[in-house]
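Consider the single chain below, provided in structure tokens and representing the form predicted on its own.
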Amino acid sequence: MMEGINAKYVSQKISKTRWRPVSSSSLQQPDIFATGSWDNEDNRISIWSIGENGVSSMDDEFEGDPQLVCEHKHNGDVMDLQFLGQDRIVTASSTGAVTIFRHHHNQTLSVCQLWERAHHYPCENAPCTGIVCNSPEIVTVGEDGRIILFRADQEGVMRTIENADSSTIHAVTFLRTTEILTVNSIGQLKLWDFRQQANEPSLILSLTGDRVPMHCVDRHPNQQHIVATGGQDGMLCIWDVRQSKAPFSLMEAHSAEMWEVRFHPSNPDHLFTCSEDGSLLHWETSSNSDTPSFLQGGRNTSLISRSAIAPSGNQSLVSAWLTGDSGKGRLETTHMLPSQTLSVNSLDVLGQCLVCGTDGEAIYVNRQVPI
């Protein structure tokens, strides 16, 4: 076992893991996370604690092991899961439902809102594949090609973009408060502006050549034009949505589908990816100069192409992920898990804490991520 990693075997395949947010003003590390399961007879969402109070006196429990706080049955596979503030959790189901659960102070979970067939085909349900929250707004996407905008505490649907896509939309993220990005199963990244009445994307970016399905997307926390995506071929793509129809750079990251990509929320020179190939990678841009670069391969990576040059101007404002001078910096990748074979389906990182969930029915927690 790698140093600092706690493994918890949970007798269910874990599809999603998310830290409960901590207030940005506090310096505390996160200590509560949620998981969702899939491919089990009875799927559940569960709340776990790694806080010092959660230490069990039983011999087989180690300090820092995740302790189950509470759980609730979930109809269908948990396809996505996001915290909405401190005490609510929104889930996407393979049944097409979108549910808001409330985590109560007495450590129970209850359903406080349910949109039962949010995503559907004419005669059957369509899986809801992705969620993003910007409280009180919730945006969901699905296999049915729909984009739906909800508001927590309002029963109705605020807006639906029907036929937003003719293929499955796999993931969604906010670019700005009124703009979202979606990725689909034919290798397209689409930008949508909710201020526009038309149900058309304001921008479409795509990988040239093969229409490789994209599974995940994350936006750089400080520079909203920088986006990372991953997909079926295991490639990590970095995009600049301001100026390029194609990705800025492509890296060979994994040998199978990449399921999630995450910029570190407060130190975005660090990025994390996980894959069907059973690995979780930590990517770090490092440099000998003030303008680090993402454009030179580090260990386990090879740079495939670069289809744009960083914009001129003040280079110190240019992200490390987009710097044009490839001679000055490099990218280092580190394997974060002991070698294993089953898929790592989900990861989340906050502060120095990383959590991931696997098809091996294990949750891994690392509280000493070198950030």
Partner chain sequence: MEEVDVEPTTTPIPGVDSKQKHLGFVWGPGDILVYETIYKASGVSSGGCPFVHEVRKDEDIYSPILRKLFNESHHIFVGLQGVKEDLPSKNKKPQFVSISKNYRSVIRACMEELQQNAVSTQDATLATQYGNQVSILLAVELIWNLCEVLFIDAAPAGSLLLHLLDWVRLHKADVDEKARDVLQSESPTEHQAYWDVVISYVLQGRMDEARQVLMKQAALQPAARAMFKLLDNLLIKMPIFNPSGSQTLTEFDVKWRHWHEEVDRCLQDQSFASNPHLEVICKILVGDEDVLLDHKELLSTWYHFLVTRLLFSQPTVKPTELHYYAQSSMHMFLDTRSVPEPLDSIVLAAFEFDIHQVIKDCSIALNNWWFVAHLTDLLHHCKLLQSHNLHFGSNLREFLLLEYASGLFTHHSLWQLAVDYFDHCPEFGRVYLELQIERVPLDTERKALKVLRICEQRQMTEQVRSICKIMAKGALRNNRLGSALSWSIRAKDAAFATLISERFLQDYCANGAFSDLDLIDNLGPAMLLSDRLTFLGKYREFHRLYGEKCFLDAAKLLLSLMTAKIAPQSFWMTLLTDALPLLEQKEVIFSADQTHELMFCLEELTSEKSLPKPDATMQDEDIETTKIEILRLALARNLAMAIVKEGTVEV
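Numbering follows the first chain given and starts at 1. All values reported here derive from a predicted model rather than from experimental measurement.
There is also a form predicted together with the partner chain; it is not shown, and the following applies to it.
Which of these residues, C133, C112, I186, A152, gets a heavy atom within 4.5 Å of the partner chain in the model of the complex?
-> When the partner chain is considered in the model of the complex, the option within 4.5 Å is I186.
Using a 4.5 Å cut on heavy atoms, which of H264, K190, R219, H103 is close to the partner chain in the model of the complex?
-> It is K190.
Given that the partner is absent here, does R211 sit within 4.5 Å of the partner chain in the model of the complex, heavy atoms only?
-> The answer is yes: R211 has a heavy atom within 4.5 Å of the partner chain.
Could you confirm whether H170 comes within 4.5 Å of the partner chain in the model of the complex, counting heavy atoms only?
-> Heavy-atom contact with the partner chain at 4.5 Å: present for H170.
Looking in the model of the complex, any heavy atom of S94 within 4.5 Å of the partner chain?
-> Because a heavy atom of S94 falls inside 4.5 Å of the partner chain in the model of the complex, the answer is yes.
The partner chain contact in the model of the complex: D39, any heavy atom under 4.5 Å = Answer yes; at least one heavy atom of D39 falls within 4.5 Å of the partner chain in the model of the complex.
Among 245 to 253, 142 to 150, 173 to 181, 103 to 111, which stretch has residues whose heavy atoms lie within 4.5 Å of the partner chain in the model of the complex?
-> Within 4.5 Å of the partner lies stretch 142 to 150.
Residues of 251 to 281 having any heavy atom within 4.5 Å of the partner chain in the model of the complex, listed in sequence order | Read in sequence order, the residues that approach the partner chain (within 4.5 Å, in the model of the complex) are S255, A256, E257, W259, E276.
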